[in-house]
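As a starting point, one isolated chain is supplied in C-alpha cells, in the form predicted alone.
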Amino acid sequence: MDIRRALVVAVATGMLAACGGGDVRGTARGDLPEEDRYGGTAVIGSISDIPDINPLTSTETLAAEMQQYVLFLPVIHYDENLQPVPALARSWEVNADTTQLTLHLRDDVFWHDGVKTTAYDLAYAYEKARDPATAFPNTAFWTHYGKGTAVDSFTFVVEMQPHAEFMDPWRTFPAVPRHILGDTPSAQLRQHPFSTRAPVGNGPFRFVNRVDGQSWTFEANPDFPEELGGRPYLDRLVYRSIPESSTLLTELLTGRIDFFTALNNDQAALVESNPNTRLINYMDRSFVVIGWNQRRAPFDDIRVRRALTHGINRQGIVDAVLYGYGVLANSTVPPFFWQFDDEAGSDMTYDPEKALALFAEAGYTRGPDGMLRNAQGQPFRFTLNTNQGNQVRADIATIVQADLRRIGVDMQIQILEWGTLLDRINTRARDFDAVLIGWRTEFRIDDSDLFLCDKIDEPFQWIGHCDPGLDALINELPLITSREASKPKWVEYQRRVAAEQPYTFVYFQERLHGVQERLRNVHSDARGDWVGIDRWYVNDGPRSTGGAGE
C-alpha cells in the first residue's frame, strides 16, 4: 500500500493521533513528571496575521484554531475517534423525535474578567450568529436549527429539524461575553475592540496583548476548570505573524519559534534532518482550489470551466509542489471521509486536446500567434489572484500560468496581502476573475455556504455558482440520518460537482508542521493544528524568548 494511501486509511478508521506524528522522534528527551511540566513560553509562527479573533465575525482558519483551543471554550470537543465529549456543555440530550436539543452547561467556567459564563451568553452568541447583519461566515451551521432559548443560567434549549451529525456545529461554536458585547449592533461587531485588540475569553489561555500585524500573546488561565484539565502547562503562548516562509523556517531551525504552522512541503526535509526539530504531518480536511468567478463571462460557461481544468496538469502540481504530501482532489469530500467517491471527476484528466475542443465549442479558436480568441477577436485573458507569503500557492500559480499558455490562454498572476484578498473575494463587489485559495471542510460536510443560490451574496459564495439541482442535493443530504441510505446521494452530489467544475479542485493536502524538540506533547491531527494545546509543555534546552509581543 502506498504510504499516502496508508495515511488516508488510518484517518478513516479514526486513528487521528497515529496520523499526527505527535512526539515520535522526540521521545529521546523523555517525558517530564506532571509537576515539572508547568512554565515556559511556546511561540507559534505563521505567514498569516489574525486581524479578527471574534468567533462571530472572523473568517481566518487560524483564528478558528485560537478560538477553539486557546481563548474560548466551545460547547463540545471531539475526541480522537471523532465522538463528541463535554466542554462548555457538561451534558446534552435530544427529545424522542430529535426536534429539540438541550445543552446543560458547566457552572464553573468564568470569563477572563471574572464574570461567570452562562447560558445567556450562549443564547446571545447563537442569536447574533443567526442575524444576517452579523455576517457570521458559517451560516450553514444553522440551516436546520431554529429558535434557541436560555431557560435558566446553565440550560440552553434549541429547536431543530431532524438531521445528520447535528452536534458538529457545536464543536467550534463558543459562547461570547454578553456583558461586553450586548449593546453592540450586529453590523458593528467586527469593529468592536473585542474583535481586534481586547478579546475576553473563557478558555485555557487569556489574552495579554496584540501588536498589530505582528503578534498575539496569551497567558495561562489559572482558573480553568480542573475537570477540563485545569491550568495549562505553559505560562505563556505567543502567536507571531511572519509573512515570509523562508524566514519562518530560519526562526524554527534557530529556536526562535517552537511551532511552524503549515510549513511548505519543500521545507519538510530540512525540518526532519535538523536534530532540534521534527516534522508532524497528517491528512487534512483542507483542499486547494481555483475559483472561477461565474458572475463574469466566460466563467459562467461550463464548457470553459471544464476546458480550464483539462488544461491544467493537476497531478503534476501534486508531484512537483507537494513532494508527495497530498492527493488529487475532484470534489469537496476528503478522501478519508466515509462519503468519498473515487469515481467522481475521474474523467477530469489533464488533456490539452480535450481542453481545446471545449474552448472551440464555447467559441474560442487559436490565432496565428497560438492564443485563443473569441469571435470578436478578443483574447482569452484573465487574472488569477492569490495571497502573498505562501510560496506553494505562488508556485502553483506559475505552473497553471505555463500550462494554460500552452493552449493559448493568457493568464496573469496578482499576489495580494491576505486581508486585501479576503476583502476582494468576500465582499459583494467580488472584484476578481479567478482566485487560488484553500478551504477546510467540517466533519459534517455542508457546502451550503460555497454553492447555494440563495447565499450568493454571503461571504463564502465567492464564485457565484447557482445550480438548482445541486441546491436540491445540498438541502436533502443533511436530512438523511442513515449513512447507508445517504451514500448514493453523496455519490450523486460529488459527481455533479465534478461535472460542473464550479472550481478546479487541485488537491487535498497533508498538513505539515515543524516543531522544536523542546516542545512536547504535541499531537496535531485532522481536528486541528492546536488540538490539546493546553497540554503542550517545554522540556530541556533554553526557554523560547517569544520574540515580538512579549
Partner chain sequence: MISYFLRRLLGSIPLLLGILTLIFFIINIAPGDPTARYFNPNISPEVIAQMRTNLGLDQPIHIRYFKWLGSFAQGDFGYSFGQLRPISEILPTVLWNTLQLMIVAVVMIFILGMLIGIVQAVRQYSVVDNVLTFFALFFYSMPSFWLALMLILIFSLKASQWGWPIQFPASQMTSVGYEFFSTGERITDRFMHMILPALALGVGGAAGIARYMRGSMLEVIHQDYIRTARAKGLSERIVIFKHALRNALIPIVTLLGLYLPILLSGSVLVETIFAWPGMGRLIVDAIFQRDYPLVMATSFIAAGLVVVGNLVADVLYAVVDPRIRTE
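Computed from a prediction, not measured in an experiment: that's the story for all the values here. Positions refer to the first chain, counted from 1.
What comes next is about the form predicted in complex with its partner chain, which does not appear here.
task: May I ask you to choose, among 510, 65, 52, 517, the residue with a heavy atom within 4.5 Å of its partner chain in the model of the complex?
output: Comparing distances to its partner chain in the model of the complex, the residue within 4.5 Å is 52.
- prompt: 460, 325, 124, 111: which sits within 4.5 Å of its partner chain in the model of the complex by any heavy atom?
  reply: After the contact test, the surviving option is 460.
query: Can you check whether residue 468 is within 4.5 Å of its partner chain in the model of the complex, heavy atom basis?
result: No - in the model of the complex, heavy atoms of residue 468 and its partner chain never come within 4.5 Å of each other.
message: Given that its partner chain is not shown alongside this chain, does residue 178 nevertheless sit within 4.5 Å of it in the model of the complex, heavy atom to heavy atom?
response: Residue 178: no, not in contact with its partner chain in the model of the complex.
query: Would residue 116 sit within 4.5 Å of its partner chain in the model of the complex, counting heavy atoms only?
result: Judged by the heavy-atom cut-off of 4.5 Å, residue 116 is well away from its partner chain in the model of the complex.
field: Any non-hydrogen atom of residue 301 within 4.5 angstroms of its partner chain in the model of the complex
entry: Answer no; every heavy atom of residue 301 is more than 4.5 Å from its partner chain in the model of the complex.
Which of 151 to 159, 308 to 316, 210 to 218, 288 to 296 lines the interface with its partner chain in the model of the complex (heavy atom within 4.5 Å): Checking each option against the 4.5 Å cut-off leaves 210 to 218.
- prompt: Going by heavy atoms, what in 119 to 158 lies within 4.5 angstroms of its partner chain in the model of the complex?
  reply: Contacting residues: 132, 133, 135, 136, 137, 138, 139, 140.
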